[in-house]
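Only one chain is included here, represented as structure tokens and corresponding to the form predicted on its own.
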Amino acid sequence: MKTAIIGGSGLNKFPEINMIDEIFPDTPWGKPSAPIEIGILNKTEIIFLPRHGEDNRIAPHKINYKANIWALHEINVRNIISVSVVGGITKSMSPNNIIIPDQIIDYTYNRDHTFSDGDPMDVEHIDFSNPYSEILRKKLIDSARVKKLKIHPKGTYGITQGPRLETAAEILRLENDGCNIVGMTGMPEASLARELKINYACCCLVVNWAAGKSTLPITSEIIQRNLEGGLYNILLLINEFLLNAN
């Protein structure tokens, strides 16, 4: 089965891929965020799409999630691994930690969030009790153990609208709601994939403490430093996952 990686902030390129094709399809909802790369990694066909665009300039609330997921569906992608950078809320979710979340709380609004609105698909109420594919989550967790990477095998991902970061009071609310991490791109990506019966899991990298969880200000320098260090481990994890993807 074809597997796609959707890259988040800082992962708008995947140089390890031996690219054999690149497509930029039209969909009923417009173009995806960037041309879709098709290539080989670890002797496995891999599809790569940067959700923020080739130059990392598409804001979270402006991403054309429907075009992205539909374009992958049209080329018969059956598995999606989403890579997201997030803020840590609870004590164990410190910067450079990797989390494979098992639950979602969606705080976003005004996003074009479903194919299931009667045009062109019939209205369908999907079961979203467990938003991520347990098969993919297990493979990611097993791959991390093989590479001896410290990860959290579960957690609740709170998804906010962005692009601004949250207030300390908002983070306290998310924590009281049960969120362990906070980011801006997990929805409607996950539910759109479920509507099209695509297996979907998320690999989250903590790049900063969320608002009010540290005495230090949240700066782009801190985020970038943790991003650069943590992406190495994310790529190790993905490479190992692809060895056993099929």
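The first residue of the shown sequence is 1; numbering continues from there. Remember, predicted model here, so these are calculated numbers, not experimental data.
Quick note: we don't show the form predicted together with hypoxanthine, though the next part is all about it.
- Only one of Cys203, Met184, Ala190, Ile36 comes within 4.5 Å of hypoxanthine in the predicted bound form through a heavy atom, and that residue is Met184.
- The single contact residue among Ile81, Ile99, Val85, Ala71, judged by any heavy atom lying within 4.5 Å of hypoxanthine in the predicted bound form, is Val85.
- Stretch 161-169 is the answer when you ask which of 109-117, 141-149, 161-169, 72-80 has residues with heavy atoms within 4.5 Å of hypoxanthine in the predicted bound form.
- With a 4.5 Å cutoff on heavy atoms, Asn180 does not count as touching hypoxanthine in the predicted bound form; it lies far away.
- Among heavy atoms of Ile47, none comes within 4.5 Å of hypoxanthine in the predicted bound form.
- Interface residue remark: Ile63 is not counted as part of the site for hypoxanthine in the predicted bound form, having no heavy atom within 4.5 Å.
- Applying a 4.5 Å heavy atom cutoff to hypoxanthine in the predicted bound form picks out no residue from 1-20.
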